[in-house]
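The chain below stands alone and is given as structure tokens, in the form predicted alone.
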């Protein structure tokens, strides 16, 4: 049961409402629950439908039927034996969130954001986005029958814009970075009373990503991985996943949380990784992100300081350049048959680096989160893939090609 909202900094509490910062100290707000009133059992869960709403007691709002029936979440947890062998590991899993309805993990928070907008009686929704959230918010808005306004940096891949447009969203492209888009969306949400899911509905929105922890634990037979590797942009997903494991421990479903949390960033936009490596306690924004991992190109991460605090306790941060990202995408595709967008390539590349540096043990139980489908950015691998072999329509033309000739 939801009690209200609480400031992460000064701990001031608020009733459930459309607000996202503390009016005393401007700290971020989190949803708080009455855990003593939650009567959830593993047997009860076992009989529920396989989607993210199966954990409704630990989510802030319940969906309308149009959202519930969209089957968001409960994506595969795959034992990645071939990739593990290539990396020198023995116990690697891929949480493949690229198979959600709009093909990224953003379905989870978008579903909560749109559900919250309906709960508060708002007549339109929107978001600031680097691509994936645009598509997810637009799709859930279409399911809910709400207009959707998406504010994006003008550099975003056309394929991601087209997907959101297909769902009926109005796309507003800003001449600037994601952070410029985010500021404009925040102003628009307040002035026009629009539910910007990742801004004025953010406390509810971020709760959707907790289900990435709930599902992994349940799919592992209520066990917890030793290490999790999370592609990191704003830091909201990493924080939410950690909170999810903590809540499972709070209600007695697991006995521990992951021993090592890895924040994986792109080298062209690595404010969290850079602060971690330099031993700093503040995040210095990246003014002009420059990376093929557009979905991770958030130079001023809203939850970055909270990620950094977690990493100081039990975590690691690393980043990968464009060539390493492309190789990560290729390696995952050719070992496990999973085609990921560049953010997934970041996760694989960072995992590879940390194994080579001896910072991750070969026998650790590792879960690597793959957050978006490769069809979101199909051009990324073109530079390294061979051109098609052109032949005449004759069987003999294949003699030197098929099965080694």
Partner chain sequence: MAIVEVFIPSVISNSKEKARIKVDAKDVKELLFLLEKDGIVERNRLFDDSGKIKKFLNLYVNGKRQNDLEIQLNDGDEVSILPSVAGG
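Nothing here was measured: the structure is a model prediction, and the numbers come from that model. Numbering follows the first chain given and starts at 1.
This protein has a second form, the form predicted in complex with the partner chain, left out of what is shown; the following refers to that one.
- Not displayed here, the partner chain is approached by residue 180 to within 4.5 Å at the level of heavy atoms in the predicted complex.
- Among heavy atoms of residue 202, some come within 4.5 Å of the partner chain in the predicted complex.
- In the predicted complex, the partner chain lies within 4.5 Å of some heavy atom of residue 186.
- In the predicted complex, residue 21 approaches the partner chain with a heavy atom inside 4.5 Å.
- For the three marked residues, 26, 190 and 298, a heavy atom of each sits within 4.5 Å of the partner chain in the predicted complex.
- Contact annotation: the partner chain lies within 4.5 Å of heavy atoms from the stretch 299-307 in the predicted complex, the single such stretch among 207-215, 299-307, 270-278, 144-152.
- When the partner chain is considered in the predicted complex, only one residue from 265, 198, 100, 132 comes within 4.5 Å through any heavy atom, namely 198.
- Note on the partner interface in the predicted complex: the residue among 163, 239, 234, 291 having a heavy atom within 4.5 angstroms of the partner chain is 234.
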